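As a starting point, one isolated chain is supplied in structure tokens, in the form predicted alone.
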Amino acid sequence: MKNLQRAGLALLAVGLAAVPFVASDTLVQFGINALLVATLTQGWNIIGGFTGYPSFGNSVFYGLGTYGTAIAMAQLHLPFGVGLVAGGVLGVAFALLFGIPILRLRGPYFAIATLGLAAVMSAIVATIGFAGKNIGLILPLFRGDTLFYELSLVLLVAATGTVAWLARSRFGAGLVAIREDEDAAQVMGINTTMYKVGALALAAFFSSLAGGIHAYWITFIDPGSAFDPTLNVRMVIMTLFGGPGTIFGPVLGSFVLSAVSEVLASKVSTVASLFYGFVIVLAVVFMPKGLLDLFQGFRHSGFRYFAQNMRRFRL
């Protein structure tokens, strides 16, 4: 059974890799956005789904990766590969530097601190001349959607593979123990500080690389778009919708909501802006453990699944 699942996943990856060669330019561009957002949700899944820390600051890592790549290419005239590494290093370094003090907070205090951090970083970058201040930076133009699509796919596969490793590793078990009861995890001998900082660094790594790829793809960045707080809201909603703490739930949630949002945005922009609000309400009430749990529960219990959820979670 496992070999069959692996073969199916390999065929799916090959099929996704072939999209740029058979699909329209519009579909490829949508695919790049969807793959990058899915990578961001997997990054949030590591710190929010497995570790249980509701971060609203992952957009900071995305923005730092964006600016690290852009500064390296536009100001220092370095190649894209070097800029991408620079952005990744910048994001991870920030996570390691601020991880220890911020991760001492819990629950809503941690969420508020990370949200404030995102706002502060945007204001700081807007005052730095080398980073283009409020005007932003223009990167060298490169017309090659196929390259960005394949890079985004590789990054998503790497992020999903890392989450799959977490789900089966001792490190991942430690993160889940922290999520369930951090005090009990400490009593069991788990170095909770090291585990939490490690999880935040992993989330920062994938988020910053996604930001670097996106920066070169669109060739222009500014503080408002790089540190957009609504991006973090989308990460949270898509992860919750697909299934937090699972391997493929965040990816499924990202693809489904990205597709639906794209269709709504092309027809009625007002409806699209309200869409995520309705999604989060429906997800919390009817399927608080995500789409994957919905599929499994509905198969066993039918429509009783929804009533069972409402009783179990006292909604």
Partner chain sequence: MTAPIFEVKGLTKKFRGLTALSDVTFQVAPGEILGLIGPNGAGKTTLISLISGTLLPTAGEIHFEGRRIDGLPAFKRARLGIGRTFQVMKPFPGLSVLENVTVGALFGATEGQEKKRAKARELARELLEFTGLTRHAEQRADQLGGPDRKRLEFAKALALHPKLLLLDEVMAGLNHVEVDEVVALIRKIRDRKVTILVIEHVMKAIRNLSDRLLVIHHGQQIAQGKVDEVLADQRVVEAYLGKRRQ
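Positions refer to the first chain, counted from 1. Small disclaimer: the values here were computed from a predicted structure and weren't measured.
As for the form predicted together with the partner chain, it is not shown, yet the points below apply to it.
Colleague: Please check if G129 has a heavy atom lying within 4.5 Å of any heavy atom of the partner chain in the model of the complex.
Modeller: No, G129 stays farther than 4.5 Å from the partner chain in the model of the complex.
Colleague: Is R170 one of the residues lying within 4.5 Å of the partner chain in the model of the complex, judged by heavy atom distances?
Modeller: Result yes; R170 sits at the interface with the partner chain in the model of the complex.
Colleague: Heavy atom to heavy atom, is M188 within 4.5 Å of the partner chain in the model of the complex?
Modeller: It does: once the partner chain is placed as it appears in the model of the complex, M188 has a heavy atom within 4.5 Å of it.
Colleague: Do F148 and the partner chain share at least one heavy atom pair within 4.5 Å in the model of the complex?
Modeller: Contact with the partner chain, no.
Colleague: Could you spot which one of F205, F94, Y195, W217 gets a heavy atom to within 4.5 Å of the partner chain in the model of the complex?
Modeller: Checked against the cut-off, the match is Y195.
Colleague: Given that the partner chain is left out here, which of P244, G99, G174, G83 has a heavy atom within 4.5 Å of it in the model of the complex?
Modeller: Contact check passes for G174.
Colleague: Which among 67-75, 154-162, 206-214, 175-183 is in contact with the partner chain in the model of the complex, heavy atoms within 4.5 angstroms?
Modeller: Contact criterion met by 175-183 only.
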